[in-house]
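Taking the form predicted on its own, here's one chain by itself in structure tokens.
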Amino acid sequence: MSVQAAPQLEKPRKRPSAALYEVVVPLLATAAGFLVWEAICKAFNVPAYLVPAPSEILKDTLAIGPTVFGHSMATLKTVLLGFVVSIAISLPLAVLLTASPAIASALYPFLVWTQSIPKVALAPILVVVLGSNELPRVVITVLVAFFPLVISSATGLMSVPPELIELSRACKASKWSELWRIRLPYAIPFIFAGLKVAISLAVVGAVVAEFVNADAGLGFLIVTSTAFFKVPVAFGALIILSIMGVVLFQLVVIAERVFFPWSTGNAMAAS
């Protein structure tokens, strides 16, 4: 009587590391894009004053490396100041909007009004009113960045199930306890969604402000470089702005994963 061998269990396949998809693949795709760009410029002899090749951009940007670094730090300062101020304004304003339908009806038209004005048209007026300094640039950055954060935060604060609110009021919880223990935890994913949009828009707002009024910054560098036909330097500043936006966005993503892992789908145990 033959004994049948027990079937061997197939070993579970290891899932590729998340870092492969989140870091390595985007870097490889970006490098491939720059290689294709370089190849097209070389193959068709595209003039550098029209579309410079990445090698020309790198060479001309590194040639004035300290100057580019100083402009980058000036723009980063404006971006971070505007982002922090937009958070300080947006979160209390979102709480105020959700406190009463009457308050929301009174404030929403003003919020929409601030977004309907073109910031490029507003910037010269702010320079006249506030002076030729850092303040107008920060104000423009705040005006560009704060609106999506207000809307996202207010939506999150209103996303709490009505049963929980009724239960808290039946237990005679204070308005502060209701906000701190119920509404804010539910709003965290919405708040961080708004923060991701706001930090990206803060970079845009800072550059718009620098186009109008600045003596330093990457926006100022782009304007002056194109005025003197130093197109590779302008492209270099543009690429630095893109990198700055991506890095700041990822820092917000990391902050959410570290401090509020339950608010994302990334709290599941890895393989």
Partner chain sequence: MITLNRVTRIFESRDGDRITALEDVSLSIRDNEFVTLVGPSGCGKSTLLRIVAGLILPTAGTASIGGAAITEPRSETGIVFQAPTLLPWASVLDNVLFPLRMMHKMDSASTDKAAALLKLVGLQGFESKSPRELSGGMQQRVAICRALVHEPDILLMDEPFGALDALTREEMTMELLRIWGERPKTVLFVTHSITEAVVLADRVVVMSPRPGRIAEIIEVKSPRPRSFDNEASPEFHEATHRIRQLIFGQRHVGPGRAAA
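Numbering follows the first chain given and starts at 1. Note that the structure is a prediction, hence the values are computed from the model and not measured.
If you look for the form predicted in complex with its partner chain, you will not find it shown, but the lines that follow are about it.
For a residue to qualify, one of its non-hydrogen atoms must sit within 4.5 Å of its partner chain in the model of the complex; all three of Glu163, Cys171 and Trp262 qualify.
Listed residues Ser159, Thr114, Ser132, Ser177 were compared with its partner chain in the model of the complex; Ser177 is the one with a heavy atom within 4.5 Å.
Among the residues Ile87, Ala193, Ile182, Leu81, the one placing a heavy atom within 4.5 Å of its partner chain in the model of the complex is Ile182. Stretch-level contact check against its partner chain in the model of the complex with heavy atoms at 4.5 Å: of 118 to 126, 148 to 156, 183 to 191, 69 to 77, the positive one is 183 to 191.
Put simply, Ile103 is far from its partner chain in the model of the complex: not one heavy atom of it is within 4.5 Å.
When contacts are judged by a 4.5 Å heavy atom cut-off, Leu167 counts as touching its partner chain in the model of the complex.
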